[in-house]
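This document opens with one chain alone, in structure tokens, the form predicted on its own.
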């Protein structure tokens, strides 16, 4: 039986994201600041990669460059079989809308819309809309994420954790090839954070490929691999053994964080 998130593209055992020698620099007058300094990263289909590091290490900049939100100063990014350097702004926007999902620290929900309409909003802005099929999928995702019965609620009538789960539903609505997360649990209390962590692992287990920037060892402990950045460079990498329990993996991540001063 096909699971909720299965799609043919997700079942291919090939590299989904290949970033090579990424450099991102900013110039202000005579001063050049290098945020990324030769970062390379490969993510295979079905992987869950967590990116960690101290503030200012280049984590979010890396996420922006590999997702096409920003362009590196040099280096190459190949995403879902497409060379991002060969796309113009409109092409990168279409790629993000059609092939990628995003979850941020702020869920970015519109107060004027219901929870369901917020989930459906990005697809409603596209020409084809999707109609009943997308509405059905949205309701299925709400069921899986514990939001059943909240479709017609207003945004101000639900909790912070429920808002973040709604943003996760929105990100997954169009069967993206890759889900990007930028500190998705940072604004949540411990209970709501734990719920989001469990959902990330659930969707990854169903085949969703993920790259998530986080300071949260609980999030990173659910990843296949943890990449550590410092001063714009990859300084360490840990593959996590999912034959061990989550607490043991979390301890491994915390020890690595302490060693790197994260």
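Positions refer to the first chain, counted from 1. The term rigid core refers to the maximal set of C-alpha atoms that superpose within 1.5 Å between the two forms. Fair warning: this is a prediction, and the values are worked out from it, not measured in the lab.
Keep in mind the form predicted in complex with a small molecule is missing from the figure; the text below concerns it.
Q: Answer yes if any heavy atom of residue 209 is within 4.5 Å of a heavy atom of the small molecule in the model of the complex; otherwise answer no.
A: It does not: once the small molecule is placed as it appears in the model of the complex, residue 209 has no heavy atom within 4.5 Å of it.
Q: Are any of the heavy atoms in residue 202 no more than 4.5 Å from a heavy atom of the small molecule in the model of the complex?
A: No, no contact at 4.5 Å.
Q: Would you classify residue 215 as touching the small molecule in the model of the complex, given a 4.5 Å non-hydrogen atom cut-off?
A: Heavy-atom contact with the small molecule at 4.5 Å: present for residue 215.
Q: At 4.5 Å between heavy atoms, is residue 222 in contact with the small molecule in the model of the complex?
A: Residue-level check for residue 222: no, no contact with the small molecule.
Q: Given that the partner is absent here, state which listed stretch (233 to 241, 55 to 63, 41 to 49, 190 to 198) has heavy atoms within 4.5 Å of the small molecule in the model of the complex.
A: Comparing against the small molecule in the model of the complex, the contact stretch is 55 to 63.
Q: Given that the small molecule is left out here, which of 159, 74, 105, 93 has a heavy atom within 4.5 Å of it in the model of the complex?
A: Answer to the contact question: 105.
Q: Taking 2 Å as the cut-off, check whether the CA of residue 106 shifts that much or more between the shown form and the other one after a rigid core fit.
A: Moves: yes, 2 Å or greater.
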